[in-house]
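We begin with a single chain expressed as structure tokens, specifically the form predicted alone.
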Amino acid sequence: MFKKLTLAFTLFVFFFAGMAFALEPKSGGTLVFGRGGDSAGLDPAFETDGNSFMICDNVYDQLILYADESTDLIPGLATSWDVSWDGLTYTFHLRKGVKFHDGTVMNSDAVVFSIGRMMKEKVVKFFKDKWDFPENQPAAEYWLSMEMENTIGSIEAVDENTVVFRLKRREAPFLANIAMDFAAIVSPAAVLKHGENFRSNPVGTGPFKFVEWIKDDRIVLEANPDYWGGHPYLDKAIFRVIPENSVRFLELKTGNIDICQFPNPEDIELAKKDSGLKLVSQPGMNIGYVSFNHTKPLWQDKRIRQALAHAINKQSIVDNIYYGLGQVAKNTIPPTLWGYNDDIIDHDYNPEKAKKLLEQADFAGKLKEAGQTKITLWSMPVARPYNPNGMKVGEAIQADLKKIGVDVELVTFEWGTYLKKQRTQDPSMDLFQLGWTGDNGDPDNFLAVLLDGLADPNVRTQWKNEEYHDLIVKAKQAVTQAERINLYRKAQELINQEVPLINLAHSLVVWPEKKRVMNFKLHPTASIRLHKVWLQ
């Protein structure tokens, strides 16, 4: 009897203690988010960088959204959708009563306008509002790199709240793709009013409204009280630009910001010891890599690419530059993603083997033919989720390649210039560092977007391999996930054999924040979502 009473008392105590610690969210306050760089623009159709999308995440919605901490698909501006038996027709049923921040109505015509403006050949049909599409728009890079131009045949608004997408071909990742930032629904009236300046005057249906943008300093958002998903807890959110990681962390410690994006890995230990701070973490759905300029003859022999893969000490990079906040990558997709091929055996760190491969491939002769005595390695000037310090990683690779007799010159540019010049495959570039954080939880979002150069000229590696392209196309059109997994496993085997890039690391994303910040969660896609965040 005594034991039973003790147990009952214990449960009683734990129950009420739990109630005491389950804090009720409260409204009010301003959250200041510290980040490393400014947004390039705020029109989701034409942006490509994380600093732009993190604002768009809060200003816009898509037809379909990702769940809070996963890439599971949930209703957004569409409450439901139907897929035809042949997988070629998708019918979306829209949420009724939703308005854009400018007071205009979100309806089927707004969806046709938002997606249709990215189409080169605009095969669209409006229901009521015959919106004109803006002229002389920039290239919609995401739309193109996701092969949406080859996927969507037509878009039709069949009534006020129903939109039908007819596809040119089966596309297994279509729903996951349509949940991405570039497919956000925008106010047609605002786009036509502001023209190209819509990029700095965004109007969506999201939980926050745009207020102000002071370039290279801050972007200010305020709560949308009429948000269809419920009033945000925060009154206001400010995204401050603080380029230096260490300065940004100091601003957190002194209380000037609430969340510090991309701290230096060594600052994580300091944050753990600070009683006013706490940490949030998430296994990164990402890959940091080094790739080759595949447009140059110097890099056509796969033995040379394999040699460099054997020469780079990836474990040392993860230990000393990632400070252990990551794992060595043997595949281009992270192990948390379905389709990951764990049977792949990575290229081991073996400088002697690397030297033999270079000799067999006559690398010295090929370098001379190219008129070069050394190679260049472009290294990122900014920290990214997949690489905490591009210059330090570059220095480590430079030292590793020196050991096999390859002289490396490190090159860097301002971040925007770096991305722009890299995309053109600048002839002065031999190797380049980049990475990727998955947008939608589908392997296609890594394996096609990063490596299928035959699919689109916007693919950054511009590796062109017929066998690989065939595997990726088949995987897009496969009926079952089991079939797709089999094809993606083969694609990863081919990457391992051909080494179109050298997979370096998958990072663990860890950010410090003030203890008063509640319910801020890191998302696998690196989205920044403030709708349900509150301040204690």
Partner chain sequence: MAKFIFHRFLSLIPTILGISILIFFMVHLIPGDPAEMMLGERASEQSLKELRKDLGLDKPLYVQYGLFLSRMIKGDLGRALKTNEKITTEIIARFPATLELSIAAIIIATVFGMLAGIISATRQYSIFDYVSMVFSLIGVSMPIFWLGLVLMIIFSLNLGWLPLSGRLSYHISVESITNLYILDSILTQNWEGFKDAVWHIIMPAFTLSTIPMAIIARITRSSMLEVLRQDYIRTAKAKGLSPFTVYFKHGLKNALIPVITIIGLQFGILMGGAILTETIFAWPGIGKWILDAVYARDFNAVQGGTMVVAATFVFINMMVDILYAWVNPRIKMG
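Residue numbers count along the first chain shown, from 1. Just so we're clear, the structure is a prediction, and the values are computed from it rather than from any experiment. The term rigid core refers to the most C-alpha atoms you can superpose between the two forms while keeping them within 1.5 Å.
There is another form of this protein, the form predicted in complex with its partner chain, and it is not shown here; the text below is about that form.
Item to check | Interface membership of residue 78, its partner chain in the model of the complex, 4.5 Å heavy atom rule | outcome: No.
Next on the checklist: Quick check on residue 411: any heavy atom within 4.5 Å of its partner chain in the model of the complex?
Outcome noted: Contact check for residue 411: no, nothing within 4.5 Å of its partner chain in the model of the complex.
Next on the checklist: When the contact criterion is heavy atoms within 4.5 Å, does residue 32 count as touching its partner chain in the model of the complex?
Outcome noted: Although its partner chain is absent here, residue 32 would touch it in the model of the complex, with heavy atoms inside 4.5 Å.
Checklist entry - Is residue 444 close enough to touch its partner chain in the model of the complex, meaning at least one heavy atom pair within 4.5 Å? => result Although its partner chain is absent here, residue 444 would stay clear of it in the model of the complex, with no heavy atoms inside 4.5 Å.
Next on the checklist: Taking 4.5 angstroms as the heavy atom distance cut-off, pick the stretch from 300-308, 126-134, 362-370, 233-241 that is near its partner chain in the model of the complex.
Outcome noted: The contacting stretch here is 233-241.
Checklist entry - Using a 4.5 Å cut on heavy atoms, which of 211, 74, 214, 279 is close to its partner chain in the model of the complex? => result Answer to the contact question: 214.
Item to check | Interface residue in the model of the complex among 182, 386, 432, 113, criterion: non-hydrogen atom within 4.5 angstroms of its partner chain | outcome: It is 386 that has a heavy atom within 4.5 Å of the partner.
Item to check | Within 4.5 Å of its partner chain in the model of the complex, all of 139, 199 and 253 (non-hydrogen atom) | outcome: Yes: each residue has a heavy atom within 4.5 Å of the partner.
Checklist entry - Taking its partner chain in the model of the complex, which residues along 446-462 bring a heavy atom to within 4.5 Å of it? => result Heavy-atom contacts to its partner chain in the model of the complex: 458, 460.
Checklist entry - Would the C-alpha of residue 239 be classed as shifted by 2 Å or more between this form and the one not shown after rigid-core alignment? => result For residue 239, whose C-alpha is compared between this form and the one not shown after core superposition, the shift is less than 2 Å.
Checklist entry - Superposing on the rigid core, is the CA of residue 122 displaced by 2 Å or more between this form and the one not shown? => result It does not, since the residue 122 C-alpha is displaced less than 2 Å between this form and the one not shown after the core fit.
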